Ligand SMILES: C[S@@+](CC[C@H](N)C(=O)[O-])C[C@H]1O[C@@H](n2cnc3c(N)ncnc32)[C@H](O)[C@@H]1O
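Read the single chain below, which is given as structure tokens and is the form predicted alone.
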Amino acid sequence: MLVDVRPVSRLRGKDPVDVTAALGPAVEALCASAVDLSRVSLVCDWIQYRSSFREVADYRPVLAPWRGGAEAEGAGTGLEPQPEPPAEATLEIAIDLRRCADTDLRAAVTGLLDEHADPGSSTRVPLEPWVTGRHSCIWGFNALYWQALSHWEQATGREYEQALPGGESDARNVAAVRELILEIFKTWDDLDARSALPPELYVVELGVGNGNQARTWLDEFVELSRAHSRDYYRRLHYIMCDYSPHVLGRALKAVAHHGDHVSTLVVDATRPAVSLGFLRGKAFLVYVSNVYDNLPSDEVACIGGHTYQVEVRAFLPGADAARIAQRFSAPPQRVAELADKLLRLGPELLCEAMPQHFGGTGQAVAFWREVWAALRLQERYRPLRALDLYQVTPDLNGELLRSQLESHGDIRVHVSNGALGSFAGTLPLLHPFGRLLCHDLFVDDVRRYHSGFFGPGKYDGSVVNWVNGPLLRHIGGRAGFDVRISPFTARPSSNIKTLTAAVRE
């Protein structure tokens, strides 16, 4: 039996984790069972999010590697018909060290082993079949959150940024804004001296939040333009982009005093060029803050020298499903159907379509919040026959993962599919002297995956995943860009890091 304790930084210090208190009961349950211990690994994480998709303890089957034969054409997208999985090779038992002290782990692990031996005894209520991570319904809930944000905020009584750690985004800093604008002025001065400065100066913000960043940036831009006797403001076009019309509308009010210098666009962040293609080669700055960590992502792993895709299945624990069903006058087996209708219709139309369950939009939102709070993910490892058959984005395949999966032993990493697609689609928008600046949750060294948990977690009604920074560096480098990830200047100890990308000199 293999024991893997990942949060090594918490094993020492002022308040170290008592690993033995968690391992003892789990090992006792395993030893008392009939499971083949030589095929079991015990994986301990520290799930730092107050709300996450993981149980305190769960099991993850590791399916046997492919031994020849053909997969369905295009396998790896997560949407196409998949052949029946091969037999199980090994079994992972996963434990959250942060929450296990309040759980009878021996009883929990015993129950998991019984369920694994007899899946028919499970009380879980599945909301979907087994799919790859980016195609899970959790991302449908994430999309619904941004589409119907006003209803969620009305129900909770707070704006979404208040749900972030500290109650605001880390990426707001006047000194950093002034420094950035002065650097842009220098670039524009040099181009103007050569009569090479375009008549229109474009700046793009992707993911506008409540508009504070745009207001700070534009106000400082006006002040510095006057102080340095520049007329750049007259030529400035600041384009605010977001997935949510509600967020855009609120952010636009924050910069209303800048008038025609500001415009808004609804943009799918995973495919920015669809809406912003007219800016190709024209944007001097693309500013991105806390967007990449909110985009769909798969996970892949290397276990025992074989590559696997992490498949997930969203479910509600039986007790939660029964409680929710009773509250909304439905049998427990219909909760999954109601959740699916919620994702397809939204809360306003849901209450119109099913008045017998929801007396108004407020009740539909209450159902949404209850399902989201209870929602969990089962996981299993499905073998990947070949990395080049796995399509990361429409333009990138799994070969870009090879160095991470083959150079670091047993490891599990985020693919950051949505972030990779967004990043790769944004780079062509940059002017040859432009730059992309991004503040987000980046894993800056792939080896960090050995010692921590980086999502998915829940922020209020949305999903958060840390971003695989080395993959973005790789993609940018292939496209001729210098990509750097550094500490957030205003708060170096913050989990937020700063990524910059500019054409390689």
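Here the structure is a predicted model, which is why all the values come from computation and not from measurement. When you see a residue number, it is the position in the sequence shown, counting from 1.
Keep in mind that the form predicted in complex with this ligand is missing from the display, and what follows is about it.
Tell me which of 252-260, 229-237, 268-276, 115-123 has residues with heavy atoms within 4.5 angstroms of this ligand in the model of the complex?
Heavy atoms within 4.5 Å of this ligand in the model of the complex occur in 268-276.
Contacting member of 308, 390, 160, 315, with respect to this ligand in the model of the complex [4.5 Å, heavy atom]
None of the others qualify; the residue that does is 160.
This ligand: the contacting residue among 247, 401, 420, 430 in the model of the complex [heavy atom, 4.5 Å]:
Result of the distance check: 247.
Using a 4.5 Å heavy atom cut-off, state whether residue 146 contacts this ligand in the model of the complex.
Residue 146: yes, in contact with this ligand in the model of the complex.
Contact flag, residue 371 vs this ligand in the model of the complex, heavy atom cut 4.5 Å
Heavy-atom contact with this ligand at 4.5 Å: absent for residue 371.
How about residue 91 - does it come within 4.5 Å of this ligand in the model of the complex, if we only consider non-hydrogen atoms?
Flag for residue 91 set to no.
Any chance residue 299 has a heavy atom within 4.5 Å of this ligand in the model of the complex?
Taking the distances in the model of the complex, the answer for residue 299 is no, it never comes within 4.5 Å of this ligand.
Those residues of 178-208 which, in the model of the complex, come within 4.5 Å of this ligand by heavy atom:
205, 207, 208, in sequence order.
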